[in-house]
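A single chain comes next, written as structure tokens; it is the form predicted on its own.
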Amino acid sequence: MEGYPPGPRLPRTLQGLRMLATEHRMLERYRRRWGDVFTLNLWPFERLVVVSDPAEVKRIFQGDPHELHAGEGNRVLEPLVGSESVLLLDDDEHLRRRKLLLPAFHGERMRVYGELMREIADAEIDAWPLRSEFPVHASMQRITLRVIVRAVFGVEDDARALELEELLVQVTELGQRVLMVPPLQRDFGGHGPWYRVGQVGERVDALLYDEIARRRSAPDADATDILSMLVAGSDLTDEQLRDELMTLLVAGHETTATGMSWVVERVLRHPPVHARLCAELADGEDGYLDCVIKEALRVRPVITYVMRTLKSPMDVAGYTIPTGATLGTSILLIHRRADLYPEPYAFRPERFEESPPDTYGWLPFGGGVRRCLGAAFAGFEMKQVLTQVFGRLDLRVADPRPERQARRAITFVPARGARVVVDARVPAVAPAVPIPA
């Protein structure tokens, strides 16, 4: 059948506002009405064909990347990451850039990163108050930001690292306020959040370009940070390096911090899971933790879609979708399929002991040739940090009511910040760091 699949007929503006306010409920309602493939017409963006059939997702992810552009589908991120970000590139240039970046996130390098991750996590944990509630999400954001500033940017001077952290928090906080509403991305005569994004962004860029210049002027063969590796082993320009650094920040800071926060929130609301996890970590086993992380990312996906823009017509579920259309494979809807996950709303990490996640049915990091470059790094960081959190702390939730999922630009975070109480804390003990394959 030629054309777009059916979908709601509400005016574009109303559909867009509804998506911003109640996206998850809206998607589930529309799937009940129209099935696994339907069309949204969302202001201020273009039409979006939502796909939640794993068989169709497989075809999309295995399709020709020259005909299915992911970079165009990620254009909403350009104001923060820059036009030279690997997230926004397509075709041969994307593959070339991906090959340059991928070695930094695998193998032996993880040992050094693991030591740093635990050191940063322990310092943050030691500052958590005893017997007083606080939002763990904010702490996870500080941890992931410091990991990026140290491991990715390679900033070792404490004062300089702190300055960069403060500026990065400001630019991402301000940018997220208007990221989903392009008409607000103007300075309005020197006023508004976008004007402040520009001001803070200039200060961030000055620091990043200075770090790049330092690496170029005094290369260090023993340096382990990703920036030094890219400067020494690639022909990327300063502007391209800057955009990749901001990409690694945007892609690896908020998403990883939010994922870890959801793990804590979900585990503490399921006492049997909490008890087993703590017992196995005390015995030096982390296999169950891996299942817990997978299940938390399934029931509380941090982002909603993996995008592809068509460069030629494509048949999807019996519809011939025209050139220029954007396909949004819905992480949320796929993760809630009862045929893939019996009792899909239940938090049951044991399901991943029974069988590994389906390649096209578990999508926190996307899939195909565009699967997240930092997936291994993020998973490794989550295991290092959460091992310290659950291994060192006697934790409980501050409020028995589950936290709803609240929109934060393109991510969905715990609405109350995943508030917890620490009843007791034990001193840090550095465990051995397993290196992921």
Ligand code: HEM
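The first residue of the sequence shown is number 1, and the count goes up from there. Keep in mind that this is a model prediction, so the values were computed, not measured.
The same protein has a further form, the form predicted in complex with this ligand, not shown here; the description that follows concerns it.
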item: This ligand contact in the model of the complex: Thr309, any heavy atom under 4.5 Å; value: no
item: This ligand contact in the model of the complex: Ser330, any heavy atom under 4.5 Å; value: no
item: Residue contact check: Val369 to this ligand in the model of the complex, 4.5 Å heavy atom; value: yes
item: Contact label in the model of the complex: Val302 to this ligand, heavy atom within 4.5 Å; value: yes
item: Selected contact from Gln141, Thr255, Ser228, Gln176, since only one has a non-hydrogen atom within 4.5 angstroms of this ligand in the model of the complex; value: Thr255
item: Option touching this ligand, based on a heavy atom within 4.5 Å in the model of the complex, out of Phe352, Trp128, Phe105, Phe347; value: Phe105
item: Partner-facing stretch of 231-239, 309-317, 281-289, 97-105, counted where any non-hydrogen atom is within 4.5 angstroms of this ligand in the model of the complex; value: 97-105
item: Contacts with this ligand in the model of the complex - residues in 358-394 whose heavy atoms fall within 4.5 Å; value: Pro364, Phe365, Gly366, Gly367, Val369, Arg370, Arg371, Cys372, Leu373, Gly374, Phe377, Ala378, Met382
